[in-house]
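Only one chain is given next, in structure tokens, and it is the form predicted alone.
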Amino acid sequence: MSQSYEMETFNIEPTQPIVPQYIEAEDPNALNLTTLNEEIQQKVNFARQETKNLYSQVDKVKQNLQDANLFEMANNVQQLNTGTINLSPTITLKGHNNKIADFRWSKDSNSILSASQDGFLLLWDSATGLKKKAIPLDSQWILSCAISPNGKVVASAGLNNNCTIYSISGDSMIQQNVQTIFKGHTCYISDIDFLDDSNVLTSSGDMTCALWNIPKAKRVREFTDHLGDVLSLVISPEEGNKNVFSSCGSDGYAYIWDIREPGAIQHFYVSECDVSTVQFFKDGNSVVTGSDDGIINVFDLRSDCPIASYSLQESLNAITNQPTYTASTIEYVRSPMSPKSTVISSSFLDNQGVTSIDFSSSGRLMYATYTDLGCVVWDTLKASVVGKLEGHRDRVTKVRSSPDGLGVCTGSWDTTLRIWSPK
């Protein structure tokens, strides 16, 4: 027996708008939290600015106490003759297919490790110019490389935020023996170097430096005093004091660190613009910085103050009837009366940021690479330009002298490296 049902229809006029159940009214606690975060950020920014002002006041007090600088103390030292630098290119290392990003000498000066944006690390014999090893990288966007003191391990790092450690102890010509990959930085890694055979230091755009232990495959310490991207680091060359290193960054400061201390042991305000490179003097008692304004500054660690400054504009303006740079070819011309020779405008020199610095074995000569001027040779005691290492067809990115002091190497965007030796 079947039954039929009739469904009644109801017309309901809603008295209030229908609101979906998942839409909730604004939470007053969330608004308060946003306001609190903004207030905290404002306080942090204010504290950073106040810290910079206090640092500036401290620097002014130090300047009042400074009684002499390097050039005054070396006033009686004879000046080097311009154009008498006896370095000539002896070997050109060809093998990369893209820009040279970085390179390092081995501790015994017998090898050079180069890193290129072609995605390879190449290990060269510095005496013959022949390739010894080729290491394919996990990322071609490399910014820095390093080789361990014993020469058995190399490292690479760059825009992928990772530091990769490779073993090169095998006999194979092409190898990719990844020993470990250090992950922990939240931004690009700008520079790396080996503290010893078991520890590597990194600097990063996340405003930190880090110490990593290779056998343990972990980060053991972080250095966090910078207030901007950390652009470069260097380990003290002084024997027995390998616990000390220096870093510089876009906050305009150079910091001196001891890995046994939780914070920086010294700091120097350098410039309002980015400080792109840092290097220790040969004795480890001074640190030298190069910034995007083209100024090189020397800071003495013992007196805790700046002792020298090098400016291309001031140097070239100070000399008359001396070699000048030409704006068209960026060449170093011996005769100022040559038709090719012109005086470069101050605006051009002001835009020549310093990208790399190193010294001769005696420390008398300083090699500095600039954005578009190549590698310039300075007399460190007289703040005068005494030469230029020419030969590359594109921007020179790095310059490094060999640990034994017998050679200088330059790397360029023209995909080559050149080794310079005394004639």
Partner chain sequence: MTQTLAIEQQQQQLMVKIKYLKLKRINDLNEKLRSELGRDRITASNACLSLINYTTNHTDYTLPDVWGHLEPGKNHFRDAVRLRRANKHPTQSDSAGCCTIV
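Residue numbers count along the first chain shown, from 1. Superpose the two forms; the largest set of C-alphas matching within 1.5 Å is the rigid core. Just so it is clear, the structure is predicted and the values come from calculations on it, not from any experiment.
As for the form predicted together with the partner chain, it is not shown, yet the points below apply to it.
Look at 162 to 170, 227 to 235, 138 to 146, 123 to 131: in the model of the complex, residues with non-hydrogen atoms within 4.5 angstroms of the partner chain sit in 123 to 131.
In the model of the complex, the partner chain sits within 4.5 Å of a heavy atom belonging to Ser286. In the model of the complex, Asp300 approaches the partner chain with a heavy atom inside 4.5 Å. The partner chain is not shown here, but in the model of the complex it comes within 4.5 Å of a heavy atom of Asp304. The partner chain in the model of the complex is approached by Gly363, whose closest heavy atom lies within 4.5 angstroms of it. For the residues Val270, Leu195, Ile214, Leu87, the 4.5 Å heavy atom test against the partner chain in the model of the complex is passed only by Leu87.
Among the residues Phe182, Tyr188, Phe281, Tyr253, the one placing a heavy atom within 4.5 Å of the partner chain in the model of the complex is Phe281. Shown here without the partner chain, the chain has Ser402, Asp404, Leu406, Gly407, Ile419, Ser421, Pro422, Lys423 in 402 to 423 lying with a heavy atom within 4.5 Å of that partner in the model of the complex.
Once both forms are fitted on their core, a CA shift of 2 Å or more is seen for Lys60 between this form and the one not shown.
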